[in-house]
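Taking the form predicted alone, here's one chain by itself in structure tokens.
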Amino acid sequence: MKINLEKIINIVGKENISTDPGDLLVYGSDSSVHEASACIVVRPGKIEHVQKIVIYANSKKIPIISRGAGSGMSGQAVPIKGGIILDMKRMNHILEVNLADVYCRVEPGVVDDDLNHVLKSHSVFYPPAPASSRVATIGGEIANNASGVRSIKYGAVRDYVLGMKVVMANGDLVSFGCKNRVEAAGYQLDRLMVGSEGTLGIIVEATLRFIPIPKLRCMGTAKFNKLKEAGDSIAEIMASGCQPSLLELMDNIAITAVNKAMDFGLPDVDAILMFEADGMVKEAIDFEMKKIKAICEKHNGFGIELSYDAKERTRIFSGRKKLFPSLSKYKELFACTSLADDMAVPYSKMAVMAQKIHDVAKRNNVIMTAYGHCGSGCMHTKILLDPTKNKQWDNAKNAVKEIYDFVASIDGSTSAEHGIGISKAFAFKKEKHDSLNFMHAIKKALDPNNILNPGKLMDAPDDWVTATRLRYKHN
């Protein structure tokens, strides 16, 4: 694939491009197991740069992949077809904070935590915050419809996007949505862009709403000797009318991993539930916590502790927040992979889903953990395996298929927050089989030359082993 370097240099400057093999290696992967090689990394600094680069790429039918921090876990930013990586992190300005009309305007490279640091000074916050909020950029969060631990109460990114500016595949700059809380006319094209993983346009500005920071938060933990009882507690809490701001599950594998990695001292039980209520009035929070505590006790939860103290809440939650990196310490020489990762399941199936994960792992001789933002219906798992052994990869493939077949059988969905990318495309296609033609038609209409992040979502390969970083070798 031949790219006119001089033309790109004239657009962004020599200091803002790279063809260095080391840079291409780094930019060829994200937080998934996938990797591929791009031809060039380009760092635009303003909208006009993006437009000119896209116009050039479209004229030559060169793939172009917009990238934030690369914290995606399904291969969304991996350049599976080669081409241009568009690193958006230079476009990192907060353009406006409008307190009177309750919105802010930001460029796509703004980091989530940086935005919330600025908003905090006004006693407001942008709630979606995924676990990677220290590095995740707003553009990437919108592209993947990200969410986090408080999505149970506050929702996902799509619930906070009022409007955006998007560079389309032909280089046109288009505004979608508006700055108002409501808009009833026409197609909701801003919503179409949320979760599209960079396949329909490149987000260059976003208008986001924010909300007041709760004055009070109370966090609690409950221990369970049976994973099923923790799952049953989740289902009843959510069916009871409770409105927790956080409801998290950790199974014994997760607990063991955190203890090994952090010497944290969590109890050796089958499961722990972490729950939180927040708001402006203590009496309302106490009412919620009392209801949740009673439901946990009904299902044999014990050792329940509650705290309003900010430092204690941080301590309680730090084990859960650092769970993902801790999993790599669970067993020597085992890698933690995001394959069957973030399925969404009905609350009533939470307990059976957690148990199914362990049953599938045992049957396929891999290690899998059940944890996640279960109050919002998101059940996380990771597959821990020895990446040097082909048999382990074969087992993992079988386990992933079993998990997603089961998710489909209980009316779940493929991804709750981490998107599709490459890793979950096979399950996504099965789930959306009757609407794939519509997706292809939309893609063709907006990107007829298929230059925008090609090979993702409905166009991703059926075999997630494609472009696997951990060097799976076919038998």
Partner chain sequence: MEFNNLKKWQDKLHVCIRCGYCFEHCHLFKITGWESDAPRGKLVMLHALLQGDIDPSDSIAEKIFECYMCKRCEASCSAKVEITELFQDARTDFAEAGYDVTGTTSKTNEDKCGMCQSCISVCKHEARSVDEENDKIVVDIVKCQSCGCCVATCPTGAAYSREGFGLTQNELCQQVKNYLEGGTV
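Keep in mind the model is a prediction, meaning the values are calculated, not measured. Numbering follows the first chain given and starts at 1.
Although not depicted, the form predicted in complex with its partner chain is the subject of the following passage.
*Asks:* Heavy atom within 4.5 Å of its partner chain in the model of the complex: which of 135, 344, 168, 102 fits that? Just give me the one.
*Replies:* Of 135, 344, 168, 102, the residue with a heavy atom within 4.5 Å of its partner chain in the model of the complex is 135.
*Asks:* Would you mind picking the one in 264, 317, 125, 324 that has a heavy atom within 4.5 Å of its partner chain in the model of the complex?
*Replies:* It is 324.
*Asks:* I'd like to know whether residue 41 contacts its partner chain in the model of the complex, with contact meaning heavy atoms within 4.5 angstroms.
*Replies:* Although its partner chain is absent here, residue 41 would touch it in the model of the complex, with heavy atoms inside 4.5 Å.
*Asks:* So in the model of the complex, does residue 26 come within 4.5 Å of its partner chain, heavy atom to heavy atom?
*Replies:* Contact with its partner chain, yes.
*Asks:* Any chance residue 421 has a heavy atom within 4.5 Å of its partner chain in the model of the complex?
*Replies:* No, residue 421 is distant from the partner.
*Asks:* Considering non-hydrogen atoms and a 4.5 Å limit, does its partner chain approach residue 189 in the model of the complex?
*Replies:* Although its partner chain is absent here, residue 189 would stay clear of it in the model of the complex, with no heavy atoms inside 4.5 Å.
*Asks:* Please name which of the stretches 428 to 436, 52 to 60, 402 to 410, 65 to 73 has residues with heavy atoms lying within 4.5 Å of its partner chain in the model of the complex.
*Replies:* Checking each option against the 4.5 Å cut-off leaves 65 to 73.
*Asks:* For the three residues 17, 131 and 333, which mark the spot I'm curious about, does each lie within 4.5 Å of its partner chain in the model of the complex through at least one heavy atom?
*Replies:* The answer is yes; 17, 131 and 333 each reach its partner chain.
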